[in-house]
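What follows is a single chain, given as structure tokens, in the form predicted alone.
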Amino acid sequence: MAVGQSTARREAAKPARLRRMLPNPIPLVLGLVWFVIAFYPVYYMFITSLRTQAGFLSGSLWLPPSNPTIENYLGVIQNGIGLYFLNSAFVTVISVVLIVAVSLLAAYAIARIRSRVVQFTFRVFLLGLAIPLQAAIIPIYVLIVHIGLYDTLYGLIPPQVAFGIPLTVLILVNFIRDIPNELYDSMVLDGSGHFRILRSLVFPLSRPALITVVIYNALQVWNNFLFPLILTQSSNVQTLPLALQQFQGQYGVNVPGLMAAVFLSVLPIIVLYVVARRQLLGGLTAGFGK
């Protein structure tokens, strides 16, 4: 009798286990729809860059060309996109290094020092999140002109750093506060000072957050269009987003050539996101659950 009841319970539990094993179709369908919407512009940009100007409108918009060509990429490279790439890389690397260095020191002080002055300084940093970039562009232009950095690559760095610090400090403060106080206390008992604590404890444990802010700020600086537009004038100091406008004029009717320039400009960002997307999402959500 007991064996019969056990067998009946197992038979009744089979449909429930089977339902748990089968995937839910709704999230799967929504995920596929989101993937098509998000990925198709990049796919369209790539297959269009492989078409000839004469055959741009022929064929399907979803299929690659029957006779792909790299002439558009060769034309873009011959017209100096390498210089604009180096300009963007120069501004991006220096800006991100300064943002992360200043923000890490500020975040450590805010997280570890209990003082009204420090907390007031933290609120001042957060106030920067409420200031839109467009509202400050005229004072920034006047300041850059007065200090003699107008129309130089160095003139693009200070505003990028200033607007990158507030969110970076906020992310790092929340992450550093999550480090257990016992670890700080043990290092203090060992005679460690602030610099050693920062180097041997905070820096290694904050690596996910540091990777996150590096990627986030690199994206912001690399794609910034407004600062190069307002603060530069010569073509030899233009960055990639602004130079694409020049390519648009040069290839006004050559859409495949313009797509080749755009695809080369976003390729480093796509590679960076694919390589470090886990650290980016993990670092952005760390510390906000408390």
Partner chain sequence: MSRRLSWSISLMLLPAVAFFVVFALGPMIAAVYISLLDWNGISTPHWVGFGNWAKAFTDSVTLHSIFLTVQVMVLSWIVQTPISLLLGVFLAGRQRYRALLGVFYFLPLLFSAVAIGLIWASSMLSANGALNSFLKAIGASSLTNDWLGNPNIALYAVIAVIAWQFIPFHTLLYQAGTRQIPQVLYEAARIDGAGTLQQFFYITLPQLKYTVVTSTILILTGSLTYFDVIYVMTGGGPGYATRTLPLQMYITAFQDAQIGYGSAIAVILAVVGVLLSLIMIRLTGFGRMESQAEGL
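Computed from a prediction, not measured in an experiment: that's the story for all the values here. Note that the rigid core is defined as the largest set of C-alphas that superpose within 1.5 Å between two forms. Residue numbers count along the first chain shown, from 1.
Keep in mind that the form predicted together with the partner chain is not shown, yet the notes after this line are about it.
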Counting heavy atoms only and using a 4.5 Å cut-off, do Val118, Leu229 and Val266 all touch the partner chain in the predicted bound form?
yes
Any idea which of 69 to 77, 82 to 90, 153 to 161, 204 to 212 reaches within 4.5 Å of the partner chain in the predicted bound form, heavy atoms considered?
153 to 161
For Pro139, is any heavy atom within 4.5 Å of the partner chain in the predicted bound form, or not?
yes
Is Ala130 close enough to touch the partner chain in the predicted bound form, meaning at least one heavy atom pair within 4.5 Å?
yes
Quick one: does Pro65 come within 4.5 Å of the partner chain in the predicted bound form, counting heavy atoms only?
no
Does Ile37 reach the partner chain in the predicted bound form if we count a contact as any heavy atom within 4.5 Å?
yes
Residue by residue through 51 to 73, which ones have a non-hydrogen atom no more than 4.5 angstroms from the partner chain in the predicted bound form?
Phe56, Leu57, Leu61, Trp62
So, superposing on the core, is the move of Tyr40 at the CA at least 2 angstroms between this form and the one not shown?
yes
Is the C-alpha displacement of Gln233 equal to or greater than 2 Å between this form and the one not shown once the rigid core has been superposed?
no
Align both forms on the core first, then report whether Asn223 has a C-alpha shift of 2 Å or more between this form and the one not shown.
no
